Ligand SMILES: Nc1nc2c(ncn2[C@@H]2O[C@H](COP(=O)(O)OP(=O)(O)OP(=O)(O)O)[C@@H](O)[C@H]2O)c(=O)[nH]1
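In structure tokens, one chain follows: the form predicted alone.
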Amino acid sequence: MPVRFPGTIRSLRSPLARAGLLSSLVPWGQALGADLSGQIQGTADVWLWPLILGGFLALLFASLGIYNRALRRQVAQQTRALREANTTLRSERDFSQSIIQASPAFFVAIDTRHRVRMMNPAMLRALDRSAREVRDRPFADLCVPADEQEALHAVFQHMLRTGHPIQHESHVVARDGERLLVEWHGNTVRNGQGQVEYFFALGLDITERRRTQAQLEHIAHYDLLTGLPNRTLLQNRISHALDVARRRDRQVAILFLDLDRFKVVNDSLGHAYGDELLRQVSDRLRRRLREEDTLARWGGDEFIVLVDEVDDPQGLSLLAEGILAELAEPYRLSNGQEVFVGGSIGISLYPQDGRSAEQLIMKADTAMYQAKDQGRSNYQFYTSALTLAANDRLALETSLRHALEREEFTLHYQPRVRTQDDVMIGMEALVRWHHPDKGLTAPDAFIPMAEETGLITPLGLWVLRTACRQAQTWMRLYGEPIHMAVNLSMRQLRQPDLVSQIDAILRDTGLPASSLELELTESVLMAGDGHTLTALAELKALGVRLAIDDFGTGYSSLAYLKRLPIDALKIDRSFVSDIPHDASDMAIASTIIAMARTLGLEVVAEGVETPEQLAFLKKEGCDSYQGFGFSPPVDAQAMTLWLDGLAREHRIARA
């Protein structure tokens, strides 16, 4: 039977198949030789055997050459593939390492015994460590605070047991002791048998982020100036205190505190010293209160105290009295100046005065205004009658805001008379309000509110302009300059364009500057700063006269008084009203007159009503006076009639 050729090498793609083919060629060749030998045996063609055998060998060697080339090609391809794979793996490794090395995030690899195997440069820099220092060191001992090591160990055990990735926050401690808060994202690396070989973690330093968050949280709930809780936090605490009080059937109290005379300090010395004063007030109030009480700044110069457990309202009275006593002590500012402020306190109680934070605060605020109306530096508990008063106050403020544009204000004038001969030497302009419902209203009823709301500035300019125009009218009518005195508020004195405004008014009305006298209260001047002195000097340079009103009621010092460019002192009516029955008032009035004479100042007595008072002042050498003893304040028409009579008697002096 003929032997079949098992196939061609070229038809086979696999090197193993080709090798099998070649190995099969040997027995095939042997069979072929035997077959051919049988066929040619006995023939005469003996030469044919070597020929066939040689062809077989040639075929065999050709097949081996083909196999060898195919094998070399296959080896080359596999070698190239392995080299490319190795290059790719090396590139990927280098890329991963470059990312880890250059990343600002922390990276650490830890073995199952919690020893550091690798740590990237960012974390090494943060810890101020070298790679040699940290390698094989227990991670917890290296940089984890002692109070957090147990929690970290629990995290490792969780990853080891579950194989799940984790997110965890913990601190790391640098060489110098600085603590950094890190947000970790960790996972495990397992071997072929599924066993954990390493833990690794990426960490983000969130120290600054948390610090910023804390600062924003603080800003949202605390006053930046004093560090006290602000409105938001206070209302939250009041609501919480009310919830507790409802469950326990307890009382809660709100004390609403408003500083007295703070605006004088703030407007005269400036906001920087006003802020300093508020910080000192806050410190004093903190010391006065219990740890469990809440002190908050409500705004401006207003503070609120939350007392969340009230056993006896009488204790609130003692608390309020203690706060007022603390506030009344003098304050020394960083410029060395000593200032005085007080406080007025309104008190409301849960549940009788309200059942919400808003109600209790509103009613304590109402009681606080009642305390101010009672003379300031006192406290008042809320009563239902106070709500009516608060509504009246709100209505008054609304009417006051429209009074100027509706031309409801008018001026009354009170003559100033020379003590020795009763010759009129000038007059003071005093504002009155023709209230549409209440009629003619005295300044005590609306000037404080005008100061609080800022309306005193436009109102003061209107008074100045109207008084100067009227004085110029009388000057043309009687041929004599009329000396006109006008009150100036602290808020007006703080206006940067005050001098230019007064100069413009004098030019517009034609009144000589020497005929205008500006009166400032003693407390305003004593609380003044460099700006106040500059403004007074500029007014003096303009030719305007300056006087201190209500002298004796403030805290003057001769050292400061002699620096002021003033022309006159006005003795407050409180030191005149009891003369000659009160020896102390007589002594004070005499002292003021003597001091003014020493300083070369004119002295004016206010509130003179009786001949005995006038006789005493004349004896002591007081220059002039004003009061009901000569004439009450009257409107322009009535004053014109007075001037007519005085002019006929030649009792109008030249200014």
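Throughout, we count residues from 1 along the sequence that is shown. Quantities reported herein were computed from a predicted structural model and do not represent experimental measurements.
Although not depicted, the form predicted in complex with the named molecule is the subject of the following passage.
Across the options 293-301, 575-583, 131-139, 350-358, residues that bring heavy atoms within 4.5 Å of the named molecule in the model of the complex belong to 293-301. Though the named molecule is absent from this view, in the model of the complex it lies within 4.5 Å of a heavy atom of just one residue from Arg376, Arg286, His531, Arg418, which is Arg376. Taking Glu148, Glu538, Glu178, Asp275 one by one, only a single residue has any non-hydrogen atom within 4.5 Å of the named molecule in the model of the complex, and it is Asp275. Although the partner is absent here, Val307 is not a contact residue: none of its heavy atoms lies within 4.5 angstroms of the named molecule in the model of the complex. Proximity of Asn266 to the named molecule in the model of the complex falls within the 4.5 Å heavy atom cutoff.
A residue is said to contact a partner when one of its heavy atoms sits within 4.5 Å of a partner heavy atom; Arg563 fails this definition for the named molecule in the model of the complex, lying far away.
Taking the partner from the other structure, the named molecule in the model of the complex has a heavy atom within 4.5 Å of a heavy atom of Arg261. Residues of 342-374 placing a heavy atom within 4.5 Å of the named molecule in the model of the complex: Lys372 alone.
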